[in-house]
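The chain that follows stands alone, in the form predicted alone, written as structure tokens.
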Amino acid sequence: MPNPLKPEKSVVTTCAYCGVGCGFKAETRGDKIVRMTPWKEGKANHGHSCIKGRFAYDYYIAADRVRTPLIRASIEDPWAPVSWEEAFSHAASEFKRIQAKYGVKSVGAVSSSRCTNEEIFLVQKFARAVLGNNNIDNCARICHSPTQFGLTNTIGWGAASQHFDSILQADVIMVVGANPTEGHPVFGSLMKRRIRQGAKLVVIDPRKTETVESAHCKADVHLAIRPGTNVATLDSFAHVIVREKLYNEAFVRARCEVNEFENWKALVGSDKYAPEVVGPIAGVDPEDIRKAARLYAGGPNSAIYYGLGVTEHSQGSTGVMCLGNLGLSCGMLGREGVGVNPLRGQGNVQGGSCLGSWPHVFSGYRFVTDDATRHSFEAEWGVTLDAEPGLRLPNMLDSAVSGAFKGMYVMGEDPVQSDPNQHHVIAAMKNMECVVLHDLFLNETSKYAHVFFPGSSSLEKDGTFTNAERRVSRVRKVVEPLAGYEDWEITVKFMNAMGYRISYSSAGEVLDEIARLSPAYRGMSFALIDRIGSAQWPCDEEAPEGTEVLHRVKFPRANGLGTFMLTEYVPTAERTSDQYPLLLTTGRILTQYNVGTQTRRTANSMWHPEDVLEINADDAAPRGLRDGDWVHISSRFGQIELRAQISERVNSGVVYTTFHHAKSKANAVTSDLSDWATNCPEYKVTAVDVVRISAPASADANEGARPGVKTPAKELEPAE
């Protein structure tokens, strides 16, 4: 049915959902958004869009949107609406009290990849310049922190080496642990276009996804590996390349550290990584490993695209390094049609990684322990900064459970729903004396918060996002913020209430500060982006309008050379047993986004009203399961209840679910194991048991409701 309201004007902005970062024209009539139209000039999407960006925009006027600050003394008390001034004053006094009693490092902050670059930068500035410590983390921790670690150690920068359009020159496309046709559908459409033109497709994924086989997309090789065996499989790829001398020796000798290459060859060339050995471990045909490795090495242009199926493992960083090693060994870096490219799941995960929301680095991935770097920030900010790395979010939670960590400022995140081992997260939240939550809606984490700052959606503010191809694009205010302030303004006012006097006239001034302090963003400004549409970092004196393809001449390492990391396969400690005989893995679906905060409040929920458990018929039969039956899923960490869906997409021994609905509580059962280098959770491998039940023991019939809130009159107005 056509929209009866005809737009009066439009504003070009950037979609806040997945890491593609599509450009849109947000069309309005009066103070209402009536339509989102894909922007034909958008360099990431060229006028295409998916059903999230196109249709799931009216969450910003959902009936349960919080528009007034809230406070309470205890999580047992009802929320009380207060003025902004009261909220800032109360939160600041509580943080000061906690630091005076428990120490400077007893509080910290968490920023969100759903927020703009400017907001992410300000939250880490809040932690460092105002709280006086480096206790700052970002949701990139639980998805792509291994990307930053693994790629930095091999090719120098933890970011995509190509722009999206580069795939149109690829001869072989290798997709590892990702499902772009559903998770990044506009890029997935571009991939399909290249496949129709003749490119070969290799997919490594435990599940038969839409990327493996769907309209205009069929994998030449699908390795449906057992969850947790990425590193073994990729090392077996390397074994074939080394033993059959398929590597690009000229590239290696000209562009890489040769001694490290020889060490790597000795490791992966050993008999233990032969396909005949690895195949049974990974649950795949050894000949398929050989075929896929030969396709990749043969190219001549081969491109790797990977996702959370690589990073969210106890060997996540090792898996990323495997991909870096493959790209270097075969010379598949530094030109169009090749590269190693993470497909970021959220709209600004790359920005979350770039702009200092890690406890050990400032923006630009420069260490807090480096005196010269730290002094440059001190000169800009006018304070002395801590030289000791702070706590990661998992460490903050652990410290809260032990009683040493007492306060947290959380912008745009819902760690109770999104972080692993939910029971542990809740225990940590309950042990804190002041949790300040800054978000659009009361969520699972708000149940344990003491102050609530009502935030602004991406449609209500100015700033920038950095997408999965390093492209920095403008976010422009389409309508006025319903709660009164843009998110960056809220953080600045909180800083002021804490006694740190700073002001900005616009979000553009924050980007100017980022440019002064961050080498790869040195040339970025609202003026540049307004003039050329968008720009990929590095954007500096050598590339004043940005850089599409990295590593053309040298790698951003001290000696300019790529290097090979030793990637020994270490099996995960999470194993199946008689008690927990199945492996659970998780992922996304096309119509919903992440923990569903936005999309569940739109008509998109008609396509995915609940999370379900996909289970193979061979596993369903002995359990007496049929489609639609309720099942009880238990692990060593917790238990949940979902409906079962008999599926050929998963192999016997593997079950799968999504995590878009809070009532599903998928992370109540996920493992508490994490990546050895970055603490990225091992969401993709959890041993579980599945038992048929007649009905769920309990159901949250009021998902999204806000119990215990003294609702201000303004919020009693009907939704528009």
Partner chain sequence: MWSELRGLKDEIDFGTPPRDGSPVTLEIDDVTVSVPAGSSVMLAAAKAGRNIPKLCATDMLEPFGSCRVCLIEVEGRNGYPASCTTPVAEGMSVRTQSPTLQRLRHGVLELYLSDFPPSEIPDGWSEFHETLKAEGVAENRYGAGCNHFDSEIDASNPYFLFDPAKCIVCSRCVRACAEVQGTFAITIAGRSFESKVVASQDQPFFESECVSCGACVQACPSHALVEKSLFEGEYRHAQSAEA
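Owing to the predicted nature of the structure, the values given are computational and were not obtained by experimental measurement. Positions refer to the first chain, counted from 1.
The same protein also has a form predicted together with the partner chain, omitted here; what follows describes it.
Contact annotation: N153 falls outside 4.5 Å of the partner chain in the model of the complex, judged by heavy atom distances.
Of the heavy atoms in S49, some are within 4.5 Å of the partner chain in the model of the complex. The partner chain in the model of the complex is approached by V34, whose closest heavy atom lies within 4.5 angstroms of it. Not displayed here, the partner chain is approached by F55 to within 4.5 Å at the level of heavy atoms in the model of the complex. Proximity to the partner chain in the model of the complex, taken as a non-hydrogen atom within 4.5 angstroms, holds for one residue of G283, G523, G364, G533, which is G533.
Checking T585, T602, Q592, Q422 for any heavy atom within 4.5 Å of the partner chain in the model of the complex turns up a single hit: T602. Figure note: of the listed segments 36-44, 648-656, 673-681, 62-70, the one touching the partner chain in the model of the complex, with heavy atoms no more than 4.5 Å away, is 36-44. Site residues R97, H375 and Y504 are none of them in contact with the partner chain in the model of the complex, judged by any heavy atom within 4.5 Å. Shown here without the partner chain, the chain has S189, K192, R193, R196 in 173-208 lying with a heavy atom within 4.5 Å of that partner in the model of the complex.
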